[in-house]
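For reference, the chain that follows is the form predicted alone, supplied as structure tokens.
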């Protein structure tokens, strides 16, 4: 697999020579033009949830994600995103990404730094609150999910026209995820109920074997209304020199998108979907007992998560108010490994009614219901049902 990915990267490195005639070489002595821009998004709202017989109601909205973009000339770009959020009455500051991009030619861009990884499309394209049509992310996606959100490394990406079609390609090398073994670096017991999970925020590589990944997508129609993609990402995940040094993981994803204004229904139909599969090599983990002893156990470490959603907005309506509304439906599921401390099966459906003040500001009223069997805080053999009503105001700027 590593040889295949390296071969693909080598081929992509040859593309600048194949298409060099389309983009003239920059003059190194010409004064550059610099630009600085601030973008981002934020949201506020009210959450009402019923978990079993318990009811929770609270205002939320202390989330602010500024994005800073610096452009040095026509080819060099730096971009970073921070996240400010209040959780448990404390201000939490997140470092979402920060990377440099250099446009090699019309068909290829080089990036390096901390990046949102193109593993599927949800994290890189759909997760911001003003783009996500619902109040929450699908099950198994985002922070705490089974797929990567970001990684530190280097990437080549671009698009190549093939007749009336377009082919998108992405190839990257990162530090790779880290295996949670239930012990910290000093050998002390730490989060034993999460043993076997992958930790994707691996800022410093825990071994000398990098993570390799990529995505290939096809837009078969000239209007780019349909996109079909496949992703792969994997490598060693155990700490160097440890009992788990030979443990590896492979992650797969397929995604689909259809967006088009359909005259038959007088509006925009938007369909999205993604399926994630995570396989980690078999390993022995240890469960601490009340008497201080450790009981070894193992399980088949395979997880999956998926979602599908559809929305409709009557943009061709003659009524200026009606065309600002949108209805959406989403179904998602998450299945964690049987035998793991974090074993669970969860399903969720959600409906939303959105109102767009403009193209990047909207009010979202959504209802969702989640059924969870297993997992933290759920009694064995029981199903916990969580119903939620959410009213959020999201803004992109």
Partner chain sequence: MKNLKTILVFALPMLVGSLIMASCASSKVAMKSGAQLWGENCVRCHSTPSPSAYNNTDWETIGLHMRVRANLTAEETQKVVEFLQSAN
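These numbers come from a predicted model, not from an experiment. Numbering follows the first chain given and starts at 1.
A second form of this protein, the form predicted in complex with the partner chain, is not displayed here; the remarks below concern that form.
S.K.: Tell me, which of 235, 158, 145, 182 has a heavy atom within 4.5 angstroms of the partner chain in the model of the complex?
M.R.: Checking each option against the partner chain in the model of the complex, the one that comes within 4.5 Å is 158.
S.K.: Of 323, 266, 209, 125, which one comes within 4.5 Å of the partner chain in the model of the complex, counting heavy atoms only?
M.R.: The residue from 323, 266, 209, 125 that makes the contact is 125.
S.K.: Please run the contact check for residue 204 against the partner chain in the model of the complex: heavy atoms, 4.5 angstroms, yes or no?
M.R.: Residue-level check for residue 204: no, no contact with the partner chain.
S.K.: Contact between residue 101 and the partner chain in the model of the complex at 4.5 Å, heavy atoms?
M.R.: Output for residue 101 is yes: heavy atoms within 4.5 Å of the partner chain.
S.K.: Contact between residue 94 and the partner chain in the model of the complex at 4.5 Å, heavy atoms?
M.R.: Outside the cut-off, so no.
S.K.: How about residue 106 - does it come within 4.5 Å of the partner chain in the model of the complex, if we only consider non-hydrogen atoms?
M.R.: Output for residue 106 is yes: heavy atoms within 4.5 Å of the partner chain.
S.K.: Is every one of 86, 175 and 290 within 4.5 Å of the partner chain in the model of the complex, counting heavy atoms?
M.R.: Judged in the model of the complex, none of 86, 175 and 290 sits within 4.5 Å of the partner chain.
S.K.: Exactly one stretch in 136-144, 242-250, 217-225, 191-199 has heavy atoms within 4.5 Å of the partner chain in the model of the complex; which is it?
M.R.: In short, 217-225.
S.K.: Can you name the residues of 76-97 that have a heavy atom within 4.5 Å of the partner chain in the model of the complex?
M.R.: Heavy-atom contacts to the partner chain in the model of the complex: 76, 77, 79, 97.
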